[in-house]
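Only one chain comes next, encoded as structure tokens, the form predicted alone.
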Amino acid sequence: MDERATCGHSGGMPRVLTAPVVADLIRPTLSAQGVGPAYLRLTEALRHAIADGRLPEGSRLPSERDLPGPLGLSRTTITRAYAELRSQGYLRTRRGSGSLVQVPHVPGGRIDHLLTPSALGEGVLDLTCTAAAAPPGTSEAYQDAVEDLGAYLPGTGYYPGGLPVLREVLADRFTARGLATSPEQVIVAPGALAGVAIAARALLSRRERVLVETPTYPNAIATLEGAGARTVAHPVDHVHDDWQVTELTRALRSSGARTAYLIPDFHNPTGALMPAEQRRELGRVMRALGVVPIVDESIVDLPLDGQPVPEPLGRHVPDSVTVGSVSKSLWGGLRVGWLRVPRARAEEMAASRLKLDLGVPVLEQLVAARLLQDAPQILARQQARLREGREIVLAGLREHLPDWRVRVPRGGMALWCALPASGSTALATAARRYDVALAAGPNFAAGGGLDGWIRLPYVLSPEQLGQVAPRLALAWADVLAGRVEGGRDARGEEARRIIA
């Protein structure tokens, strides 16, 4: 492996949370609740912290005798609050392990059956999805948004373009990053993928060619082809963060493509980051050839090593359409995305938007606006989570699969691993024996191939991520020993699963 990092996480025993740590985590919420029985206020503060992930599932809370001091509450109050949490399903007591945090059972599961049609069972590590749990503060943002909702109830509730308050927040964020934007240039959509679909239907005619990177986001390939386009694959050298602009220019000229779908910021699945000079160079090429890029910035807010992100590619191509969402950086359950469109294309993009639906739910837009306004603090916590997850998976690969090669990405949500030999599709099949769901490399290939690569998201809990490499080592051993049957048939199953 290349550029590996280390992590001291064992992935075994439950994480022990000390009383001062827990007190610091819940004190702001506890103080904000005002009056009411102390044990109920404490119950609510702890429940919010569990739901938001600040108190991770499987971790051990301080004993009922240790927590009163740091919180300034009686032991009776702590005991009653713990009992309430147990009755609500947020806490379980295990002899010898104390009070362990858990998340209550959700009827039907926490992932829709269309996302995982094979019905992943309990204990399965789902590595088909690069999306994290909701960040701390999400519950509070919903509560605040409900208070604001009353002002919108007398209206129809239809906002196809998006709530003005959210469009203003998004316009300000673009402007702050160097891409001057007015709220009128922002269109809110139910996710970045919906934004790609809106742009594609406005820009592309049937059978028209569109250039895409390879590897790339599988659902974007399906969306572009669903709009009737033919994809032209351009390989990205992710090892050197090199978009190979000279070869890309040749591909545009030879194919006649006048649209391109690009992920310049912590590219999915490789994590590559397009350098500033290549953005300027690519901008010159696209302006000269009259190419309109659809720029996917879904992961732009997830640098992990403190490095600055270059200015938006859209700054160098005035005719570009930029899409983004809160799904990766905040929470996929919000289903809030957007397009930033050039003024000259606002009318055609609006017409395309109206063919999709009549708008994102008002409450979710209000929540997104609140979370985005607090983005610096929220994103810092999300980035810390991802850094920890990245180190756990890297350490596991070093120990259990040392011949797998991976360049440590400087941002994003996944590792893009080169296998010692082709066998990604067979590995996805073998991994199911060990309760791991994988998306094989060919799913990310715009022009075919990539069976020697596998994507490993590091978005699960630390306890789950600690099990990834040991289980994959068993599955890979089965592949190498020829113990996998029907590996090539797995592609059909994966094609029916949405790979997020």
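This structure is a prediction, so every number in the text was calculated from the model and none was measured. Note that residue numbering begins at 1 and tracks the sequence as displayed.
Just so it is clear, the following notes concern the form predicted together with a small molecule, a form of the same protein that is not shown.
Visitor: Just give me the single entry in Leu248, Val188, Ile263, Ala428 that has a non-hydrogen atom within 4.5 angstroms of the small molecule in the predicted bound form.
Guide: None of the other options qualify; the answer is Ile263.
Visitor: Just one of Gln382, Thr130, Thr259, Gln365 has a heavy atom within 4.5 angstroms of the small molecule in the predicted bound form, so which one?
Guide: Of the listed residues, the single hit is Thr130.
Visitor: With the partner removed from view, which of 139-147, 373-381, 73-81, 297-305 is the stretch that lies within 4.5 Å of the small molecule in the predicted bound form, judged by heavy atom distances?
Guide: Contact-bearing stretch, as computed: 297-305.
Visitor: Consider Leu91 of the chain shown here, and say whether it contacts the small molecule in the predicted bound form, taking contact as heavy atoms within 4.5 Å.
Guide: No, Leu91 sits far enough from the small molecule in the predicted bound form that none of its heavy atoms falls within 4.5 Å.
Visitor: Even though the partner isn't displayed, in the predicted bound form is Ala233 close enough to the small molecule, meaning a heavy atom within 4.5 Å?
Guide: Outside the cut-off, so no.
Visitor: With a cut-off of 4.5 Å between heavy atoms, is Lys328 one of the residues that contacts the small molecule in the predicted bound form?
Guide: Within the cut-off, so yes.
Visitor: Considering non-hydrogen atoms and a 4.5 Å limit, does the small molecule approach Arg201 in the predicted bound form?
Guide: Flag for Arg201 set to no.
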